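Just the one chain here, laid out as structure tokens, in the form predicted alone.
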């Protein structure tokens, strides 16, 4: 036996433990177990079950597992479980900069279409958007909310002074592939003089976006519509943006050509996508595993499911952004000097 084999067995076991831990965190997130422990303090399985109206036997098993995984502290004498204070921003404070609850929801949804994915490996093709359960879309929105609420206006936008100035002066802003509208809503809250538009081909996203705008009190300045950019653009705008869209598109080159038509000649296109290396083999480490897993389970496979290019999550490095934008008729691409483990932003001129 190769002397390295036992280490690989250990790696498989540790990876399996991590996979199960994420599943258990998803349960704790969905049922409000973490939130209850954070707000009401330590509890036995009986107390926690009583406080939430849940089955004690399941709670007891969950507590033991979460304790073994390091997410809870367990006192053998009192039989009480405690959520460490350091984990509260990570597991409970929804919308905060460190919150990971959306990740638990997103991966629960991503992992569901297993048989469809295996079939695609064998036969080609891909998976359609409507295959994914609602919990996936909830998780995707939650993850987006964290980025847009904590970084977009306060940290990223100051790196684009021309964009900021246009918004302050009442520019028109169009977000294509707006999802549940979190980026558009955050910008609308910050720039009351500007007029905002959000377009997405997935009707449930637009319904949620309208609800989010109403909740934020900006529904009078944000117009969300169901629209497929592959069919053309509805108008020209001072600022056009896409957030985590281009690498998902069936026809990213066609999408960029349409976006060039959507932005005025003196306007600006803001492109946010996934940070990645020019050579796919150079994407290494835990974040690379995350990105490739998301690619196989959603980004690449939904594009291929539409007969598309299938760029995948790490399929739009800077060199390709510049190549595609030049072909689409844009004149310059500037990568913003921001540091983020998942995303990169570009300011692009017609």
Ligand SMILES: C[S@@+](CC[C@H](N)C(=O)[O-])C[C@H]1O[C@@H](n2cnc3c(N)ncnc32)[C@H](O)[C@@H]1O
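Numbering follows the first chain given and starts at 1. Every value quoted in this text rests on a predicted model; they were computed, and no experiment measured them.
This next part talks about the form predicted in complex with this ligand, which is not shown.
Trainee: Is there a non-hydrogen atom of residue 140 within 4.5 angstroms of a non-hydrogen atom of this ligand in the model of the complex?
Mentor: Contact with this ligand, yes.
Trainee: Can you tell me whether residue 230 touches this ligand? I mean in the model of the complex, with a 4.5 angstroms heavy atom cut-off.
Mentor: Flag for residue 230 set to yes.
Trainee: Is residue 104 close to this ligand in the model of the complex, meaning a heavy atom pair under 4.5 Å apart or at it?
Mentor: No, residue 104 is distant from the partner.
Trainee: Against this ligand in the model of the complex, would residue 98 count as a contact residue? Criterion: heavy atoms within 4.5 Å.
Mentor: Residue 98: no contact with this ligand in the model of the complex.
Trainee: Between the options 212, 144, 108, 172, which residue brings a heavy atom to within 4.5 Å of this ligand in the model of the complex?
Mentor: Checking each option against this ligand in the model of the complex, the one that comes within 4.5 Å is 144.
Trainee: 190, 216, 201, 90: which sits within 4.5 Å of this ligand in the model of the complex by any heavy atom?
Mentor: Looking at 190, 216, 201, 90 one by one, just 201 meets the 4.5 Å heavy-atom criterion.
Trainee: Since the partner isn't included here, can you check whether this ligand sits close to all of 238, 327 and 330 in the model of the complex (heavy atom within 4.5 Å for each)?
Mentor: The answer is no; none of 238, 327 and 330 reaches this ligand.
Trainee: Since the chain is shown here on its own, which stretch among 151-159, 108-116, 220-228, 260-268 would lie within 4.5 Å of this ligand in the model of the complex, judged by heavy atoms?
Mentor: Within 4.5 Å of the partner lies stretch 220-228.
Trainee: Can you name the residues of 237-266 that have a non-hydrogen atom within 4.5 angstroms of this ligand in the model of the complex?
Mentor: Heavy-atom contacts to this ligand in the model of the complex: 243, 244, 245, 248, 249.
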